[in-house]
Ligand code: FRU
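Take a look at this one chain, the form predicted on its own, written out in structure tokens.
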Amino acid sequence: MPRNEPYRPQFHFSPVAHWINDPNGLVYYKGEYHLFYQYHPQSTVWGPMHWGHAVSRDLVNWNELPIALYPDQHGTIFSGSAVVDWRNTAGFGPQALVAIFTHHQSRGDTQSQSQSLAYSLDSGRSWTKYAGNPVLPPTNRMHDFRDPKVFWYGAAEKGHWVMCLAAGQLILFYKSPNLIDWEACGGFGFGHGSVEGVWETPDLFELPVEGRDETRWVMLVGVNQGAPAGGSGQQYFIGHFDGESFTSQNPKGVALWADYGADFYAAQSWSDVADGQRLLIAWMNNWVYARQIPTGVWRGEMTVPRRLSLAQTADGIRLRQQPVAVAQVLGLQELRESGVIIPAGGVFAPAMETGSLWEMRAEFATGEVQRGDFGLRLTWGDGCIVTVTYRDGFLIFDRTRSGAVGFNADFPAAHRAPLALDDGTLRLQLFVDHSSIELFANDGLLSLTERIFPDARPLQISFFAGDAPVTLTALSLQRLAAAQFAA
């Protein structure tokens, strides 16, 4: 179907029309990656929440399906997760897909939130809400009590279901044998990490540490304000989980950020991926200006899915995020360069194909001592510019002149991420769509995700050196085709 509105993404998922935010219910079943999401089908601003639904077989091309979950007598449908109930523990049927979500009700100045179930016996095409909803009733002690992430812990026959639930600035844990009867069993938070904003959309999973015969658990938590680029963002914790509660191995006041850009929130991972990979996607927006971005019949999109791993660094074990192989599906012409020396104050502008969709990989070498700044510029026409600069131990993404920026005073800004060079080398990977850039540095140890709204002219990329020369040791510019989106 045509997707030619201004700023419409061409290889990031966005709905045909109306508002979306958090990804929900990510589950893999019978060759399909299911993506549910917070959806308001009557407006381009946030309102009564439903679960929208899309599926993909390759995480690049998407088929938008009818709405999965509608509001009912218990309230609107807030965020949550989904699992395959392989052993039919809930009794809904063999290999039922079970969605676990928050019912939200507002009455005047008060609200209540409870956890409920729905199930599907036809690969997610139709859903039946559990007659006994809610399975976890609201509590008078907590204003925020939402966003259940559920997974199976332990051996197939001897384990139990775990629910992680966001409650203010805490994560509460519950356990169940059957997805219906839940028992409180632990909690995490109590001043750990960033506590400026309310905690939301938790996720918890185990990953191996690269090159070591050990694993760690990763706790993801969205914070609705206080992130490095301002507004909402995604923090994470590295630690241990015993089936009932999580313990962080980082000092209490340390905040680890999954992304240093302004537009990466409510990240969630897929359950039941067949090969054991941990795949992640996030809402590409920020609550500071999400309702104001200058798109047309739709508002909101998702990131490129990312594969997760853990790496041992000088600062400790850290999360590595590497995008799925978009170019293997959508790649067109590719330009390669190597060994380009950019003199002090100089610029290198490769002869690019005409196009606006790109994947770029670049490796810079500075020698034994980095003596000046360097980086790249992305230019659309005469007036729309994004600059990525490495300076004094920071990677800086400047979108102050990136096109339409006047819709919110906080949008035009330069965002900084701390990054040490790898033996004098900086490796960057960028994905450029019509209204976004996702930047990965040093093989995914750092990422910056940013919305931009330039005009529709073809993109030009140039590379620059500041007070000292820099060598562009390797460059790949891969033009991309648009993905296929069906509805």
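For clarity, every value in this text was computed on a predicted model and none was experimentally measured. Each residue number is its position in the shown sequence, starting from 1.
There is another form of the same protein, the form predicted together with this ligand; it is not shown, and what comes next is about it.
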I'd like to check something about T201: if you look in the predicted complex, is any of its heavy atoms closer than or equal to 4.5 Å to a heavy atom of this ligand?
yes
How about Q268: is it within 4.5 Å of this ligand in the predicted complex, going by heavy atoms?
no
If you check in the predicted complex, is M49 within 4.5 Å of this ligand, heavy atoms only?
yes
Would D259 count as a contact of this ligand in the predicted complex, using a 4.5 angstroms cut-off between non-hydrogen atoms?
no
Using heavy atoms only and a 4.5 Å cut-off, determine which of Y119, F78, W161, Y390 is in contact with this ligand in the predicted complex.
F78
Answer with one of H415, H192, R146, R299: the residue that has a non-hydrogen atom within 4.5 Å of this ligand in the predicted complex.
R146
For this chain shown on its own, do D22, Q38 and W287 all sit within 4.5 Å of this ligand in the predicted complex, going by heavy atoms?
yes
Among the candidate stretches 435 to 443, 38 to 46, 453 to 461, 54 to 62, which one is within 4.5 Å of this ligand in the predicted complex when only heavy atoms are counted?
38 to 46
